[in-house]
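One chain follows as structure tokens, the form predicted alone.
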Amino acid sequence: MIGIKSYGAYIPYYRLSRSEIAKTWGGPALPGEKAVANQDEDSITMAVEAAFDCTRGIDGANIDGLFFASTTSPYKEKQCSTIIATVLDMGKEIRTADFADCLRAGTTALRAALDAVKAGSAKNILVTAADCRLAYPYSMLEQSLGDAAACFLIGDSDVAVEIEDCLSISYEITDVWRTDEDDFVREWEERWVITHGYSQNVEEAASAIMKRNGLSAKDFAKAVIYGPDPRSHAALVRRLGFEENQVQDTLFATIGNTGTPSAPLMLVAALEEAKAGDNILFASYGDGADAFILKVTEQIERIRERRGVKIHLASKALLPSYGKYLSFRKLVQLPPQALRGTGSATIMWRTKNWVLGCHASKCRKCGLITYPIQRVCYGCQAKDDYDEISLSREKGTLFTFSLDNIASGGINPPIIQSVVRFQGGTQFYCMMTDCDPKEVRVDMPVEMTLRRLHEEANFHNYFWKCRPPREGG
């Protein structure tokens, strides 16, 4: 049996009300809000968060590969899956691959992982999907697009969701696209895009896979079908014969159309409520369509302890203004920050274990844990006698902090400089993110999160920050 062993998701802490966007431009507002990645987040950091959620209680050493799917990769020529695998402590002897340039890249990666496990070339592959797409300001698409990530572990044992069949359709159509020079998503006339792109392809793929397996809509507990907007999605599932109570919410009103992770994120939400024996029809769209028939097993109860969609939806804060969103996405010219980083490829390579992997050194003689890695132990002065351990998933408390209103350049003050204390006394100096500065206090619980610091030397520099735990509320 081959299928999904675990699932995970990530939705950014911040939301932007669509009425706030409409108020700025004076146009109509779509209902609800969209998820907005913080200014220090991108597709890599969101994929890392979803992967951490997916692999709770799972040893990364048992994972043979990592696939990363996104249309908004931070790099045009550099493999991002290797960065994510390094952060996850997955070692060197694994398969990594990036899937890009199509909104169904996530399900394409899922099929590739499925084929690899079927062929016996891998036993467990982690598939991550994340997007942070930009739409032209003042367009209705600007209100639609949201940011998020989803993740699945595909394997051949302890399967929670068996993948019984899959079918793909390739279809050339220029409906939604970006060229190499485009910052913003482009789309052709909406009715034509929906009629000849989305509706035609997804309906054909879903109908074909049901017919091939002798199934109809009544045989499924849930239909998890991508939809670019609620209206066209509702029309499609009705034509396929599904009742309203069988259809998984598109999450459009609460998160938005998240692109590559959109259909996978819907599937995570469905699996949070699924029961053993449920049949699920799962379909995505982009230059064609992918369709899957899934069957939930009793192993689903083993992986309930995930933040998934529910907890991330409950843990949020509204951006106070559309202007704040523009500053997050660098859509307005901003004054330079006083606090600027430097970039060095050689230093990044030399320090990647503690910079990306969040590794500390644990002295073999006295047990003292220090971060960053130290060749000489602070406690007993033993030299080069330590083991590396990761602090990335450790919970800590805020030992001390300061609020810096100058270094941010006045854009998003204050910067919260923090010292985190872990169990055993290990201290970690970093910045704090995703929080209200007025609520920061000594001894508050915090957790670590990988974030983008700066783009000096023309590449992306990542490091760890702390934040209040995303446990809802």
Partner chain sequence: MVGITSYGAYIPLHRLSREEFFRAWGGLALPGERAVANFDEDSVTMATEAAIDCMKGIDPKTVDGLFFATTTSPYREKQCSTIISVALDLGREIRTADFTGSLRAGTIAIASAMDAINAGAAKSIMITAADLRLGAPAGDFEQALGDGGAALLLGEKGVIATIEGSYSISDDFSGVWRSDADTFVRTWEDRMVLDEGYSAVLPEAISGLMKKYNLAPGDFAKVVYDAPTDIRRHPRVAGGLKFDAAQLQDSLFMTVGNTGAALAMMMLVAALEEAKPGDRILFASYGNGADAFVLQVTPEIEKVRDRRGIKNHLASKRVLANYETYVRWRGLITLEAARRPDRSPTSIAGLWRDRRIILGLWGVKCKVCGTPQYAQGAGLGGSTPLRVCVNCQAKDQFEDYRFTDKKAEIFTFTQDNLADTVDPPATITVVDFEGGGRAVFDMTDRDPAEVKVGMPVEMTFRKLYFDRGVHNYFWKTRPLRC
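Positions refer to the first chain, counted from 1. Computed from a prediction, not measured in an experiment: that's the story for all the values here.
There is another form of the same protein, the form predicted in complex with the partner chain; it is not shown, and what comes next is about it.
Exactly one residue in Gln79, Thr254, Asn213, Ser207 has a non-hydrogen atom within 4.5 Å of the partner chain in the predicted complex; which is it? Residue within 4.5 Å of the partner: Gln79.
If the cut-off is 4.5 angstroms on heavy atoms, which of these, Asp384, Glu244, Glu305, Glu172, is the one near the partner chain in the predicted complex? Residue within 4.5 Å of the partner: Glu172.
Does Leu356 reach the partner chain in the predicted complex, with heavy atoms at most 4.5 Å apart? Judged by the heavy-atom cut-off of 4.5 Å, Leu356 is in contact with the partner chain in the predicted complex.
Answer with yes or no whether Asp98 is in contact with the partner chain in the predicted complex, where contact means some heavy atom within 4.5 Å. Yes, contact at 4.5 Å.
Though only this chain appears here, would Ser157 touch the partner chain in the predicted complex if you measure heavy atom gaps against 4.5 Å? No, Ser157 sits far enough from the partner chain in the predicted complex that none of its heavy atoms falls within 4.5 Å.
How about Asp278: is it within 4.5 Å of the partner chain in the predicted complex, going by heavy atoms? No.
Which of 236 to 244, 297 to 305, 314 to 322, 114 to 122 sits within 4.5 Å of the partner chain in the predicted complex, heavy atom basis: Looking at the other structure, the answer is 114 to 122.
Mind checking whether each of Tyr138, Thr258 and Ser392 has a heavy atom within 4.5 Å of the partner chain in the predicted complex? Heavy-atom distance to the partner chain in the predicted complex: none of the three under 4.5 Å.
Contacts with the partner chain in the predicted complex, stretch 164 to 187 (heavy atom within 4.5 Å): Leu167, Ser168, Ile169, Ser170, Tyr171, Glu172, Ile173, Thr174, Val176, Trp177, Arg178, Thr179, Asp180, Val185, Arg186 sit within 4.5 Å of the partner.
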